[in-house]
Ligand code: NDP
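Heads up, the chain below is alone and in the form predicted on its own; it's given as structure tokens.
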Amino acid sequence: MGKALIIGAGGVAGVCIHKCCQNSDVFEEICIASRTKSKCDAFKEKLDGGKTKITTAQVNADNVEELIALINDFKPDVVINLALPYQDLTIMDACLATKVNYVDTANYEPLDTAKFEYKWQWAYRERFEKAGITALLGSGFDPGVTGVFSAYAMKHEFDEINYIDILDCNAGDHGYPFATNFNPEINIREVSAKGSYIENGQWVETEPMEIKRVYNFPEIGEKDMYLLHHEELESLALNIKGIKRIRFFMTFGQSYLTHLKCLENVGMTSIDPIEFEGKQIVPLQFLKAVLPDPASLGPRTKGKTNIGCIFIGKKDGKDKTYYLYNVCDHEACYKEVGSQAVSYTTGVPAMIGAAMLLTGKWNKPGVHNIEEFDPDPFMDALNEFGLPWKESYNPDLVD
């Protein structure tokens, strides 16, 4: 069916590569490229010999010319960006120059400011449209599956959706006093930023971790969760009909929050460079270097994740509530693909989004968020490739 260039060789890329090989009818050939080629070669060694042909390459994703040269050499039908969010625009530039479809899992953010918004990528809309290629933004879980869930609810369950609460619970235990389940730099920037939600078309800003709720998650139980800013709020508020309020909550254990507070208090989470022994270093990047690598958490993480959306809206003039969610088991993920569930829940949708473009099920030139496409084939693929969804028509609501 087609060829995919996968940029990145971390935990999420590992899952995506496994899943591309499981879906070999669609992914006939993949090239894994990263700054560190040995990581790509390790994936090739593990998975070579199946129906999907695997090659590897070294590339600096900050360098547009290098990316263009690699794309021209491999000639992929789609580029799956699983590098860092700071590199979204250079990879989009390379896709534009070579007229190749683009998929990512997280929106662009500049290195010097923890700002999670779509304006930089949305600015490419006209250029992608003119080039006749598609950029699919946010094909992870949140953003990603949460957008597909919203489109599915809108298509099948509601005439209008007035309230969405996105709930992200990770009840996994890795045994470390403090570690992050995905890139520590991105994780800590996200958590230490101010919270916000959208109400009546306006952003309402909160202090970091100011709003806390307790929620009883199916298959997990009661957990403390906190309101965060999250990028999909911005696109869902525009694309889902009838929205009055949309919020995002994520669970955190007390140990994580206590450690984070201490690190914040001593300046270790700062993204402003400081002078140290004659060199400029960024404290948060140094902290990332001393924390456990998220890819190493797989063998030691036990427990489950539950991520989903609670919708409140109207159908045929009547009030209605609906909850769509997925429960994922850390140990089952590790057994299948050698990763914990946080990488799994992002890597599987990255493969599915790329498959939607490769098969032509989704085909809309321009720059689009995931909820702008027909959710049905994606929802079917979630069930097929390891992220089965569940639904409830009488969920506990968040006050």
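Each residue number is its position in the shown sequence, starting from 1. Everything numeric in this text was worked out from a predicted model, so none of it was measured.
This protein has a second form, the form predicted in complex with this ligand, left out of what is shown; the following refers to that one.
With this ligand left out of view, the stretch that reaches within 4.5 Å of it through heavy atoms in the predicted complex is, among 81-89, 233-241, 320-328, 121-129, 81-89. No residue of the trio 165, 195 and 258 has any heavy atom within 4.5 Å of this ligand in the predicted complex. Proximity of residue 297 to this ligand in the predicted complex: non-hydrogen atoms within 4.5 Å are absent; the residue sits far from the partner.
Interface residue remark: residue 65 is not counted as part of the site for this ligand in the predicted complex, having no heavy atom within 4.5 Å.
The closest non-hydrogen atom of residue 153 lies beyond 4.5 Å of this ligand in the predicted complex. In the predicted complex, this ligand lies within 4.5 Å of some heavy atom of residue 60. A heavy atom within 4.5 Å of this ligand in the predicted complex is found for one listed residue only; from 268, 209, 186, 97, this is 186. In the predicted complex, the residues of 1-20 lying within 4.5 Å of this ligand by at least one heavy atom are, in order, 8, 9, 10, 11, 12, 13.
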